[in-house]
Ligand SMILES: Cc1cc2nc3c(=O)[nH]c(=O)nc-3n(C[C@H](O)[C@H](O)[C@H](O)COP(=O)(O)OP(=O)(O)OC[C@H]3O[C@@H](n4cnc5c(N)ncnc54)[C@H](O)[C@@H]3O)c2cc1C
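The chain below stands alone and is given as structure tokens, in the form predicted on its own.
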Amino acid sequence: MNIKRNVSLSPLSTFKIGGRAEMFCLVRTPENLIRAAEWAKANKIPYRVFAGGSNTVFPDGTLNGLLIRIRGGKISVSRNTICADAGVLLKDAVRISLAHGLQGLETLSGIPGTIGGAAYGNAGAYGHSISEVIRRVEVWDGRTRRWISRKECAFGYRESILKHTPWLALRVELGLKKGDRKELFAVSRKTIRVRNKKYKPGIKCPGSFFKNVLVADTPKAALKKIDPRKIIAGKIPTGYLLEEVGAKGMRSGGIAIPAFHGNLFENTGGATARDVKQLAATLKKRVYKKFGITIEEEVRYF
């Protein structure tokens, strides 16, 4: 375990924001992830874990304690089952599923991050989420390694039990179906084309900033203010809400919302976590004032 000190945070996320980590280590296997966490606990040092850094807002100052990054690991295929260590890139899992003609991950093509991070936040796009194909997740609960079922994961929209416990995701097992390789590759390519129009390659952002709003959780009074034509699969696109309150073109320091997407925070240069939080707070107030809806961040603040 190679622990580094005073490490710059900004290169570690797609947002390119952040100060410095007091201590940092990179691990590539579930065993070393547990070892790093146990070392921190034994030395009474607080620790945080992240993976791809694609949904992350690091602080401007010093992040105290040990920051652990899990990146890499093993992936295997057996019939219709893929098992991947938490640090395996989601795009690699998608690629392998397509190569084996396995259906279930193709609509997640182009989503950055790792398989563990995808399970943590129940990543999804275009009406599908990774929870649809997860069979079970291996976790470390602070004492033991064990598998939890999909039901025990308590998946919801961009939610899982992993967000609300100190458990660490170690491995993810996916159950897929046999499909037509040619058709699966076509869906994947189309998905990536659509995604690249919204998230241009190399853009410094964490993806969609706020979660979409579930109609089932929205007060009736608020729903009356929503154009029903905008509702998609039981969700109100937050981009629509933000555009209705004038989000496009707004700025806060180095953070700007581009003209082509109201739910995108872009680091245009020199942005800080403070800029992010100030703009997020302003937009949340505007949306609540106009619609009576409280929108929630999809990003993870450290």
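Start at 1 and count along the sequence shown; that's the residue number. If you're wondering where the values come from, they're calculated on a predicted model, not measured in any experiment.
Just so it is clear, the following notes concern the form predicted together with the named molecule, a form of the same protein that is not shown.
Student: Indicate whether residue 49 is a 4.5 Å heavy atom neighbour of the named molecule in the predicted bound form.
Tutor: Flag for residue 49 set to yes.
Student: May I ask you to state whether residue 14 is within 4.5 Å of the named molecule in the predicted bound form, using heavy atom distances?
Tutor: Heavy-atom contact with the named molecule at 4.5 Å: present for residue 14.
Student: Whether residue 113 contacts the named molecule in the predicted bound form should be assessed with a 4.5 Å heavy atom distance threshold; does it?
Tutor: Contact with the named molecule, yes.
Student: So in the predicted bound form, does any heavy atom of residue 238 sit within 4.5 Å of the named molecule?
Tutor: Answer no; every heavy atom of residue 238 is more than 4.5 Å from the named molecule in the predicted bound form.
Student: Can we say 123, 158 and 298 each have a non-hydrogen atom within 4.5 Å of the named molecule in the predicted bound form?
Tutor: The answer is yes; 123, 158 and 298 each reach the named molecule.
Student: Could you tell me which one of 231, 205, 223, 83 places a heavy atom within 4.5 Å of the named molecule in the predicted bound form?
Tutor: Checked against the cut-off, the match is 205.
Student: Going by heavy atom distances of 4.5 angstroms or less, which of 93, 102, 174, 168 would be at the interface with the named molecule in the predicted bound form?
Tutor: By the 4.5 Å criterion, the partner-contacting residue is 168.
Student: Heavy atoms within 4.5 Å of the named molecule in the predicted bound form: which stretch in 194-202, 181-189, 215-223, 72-80 meets that?
Tutor: Flagged stretch: 194-202.
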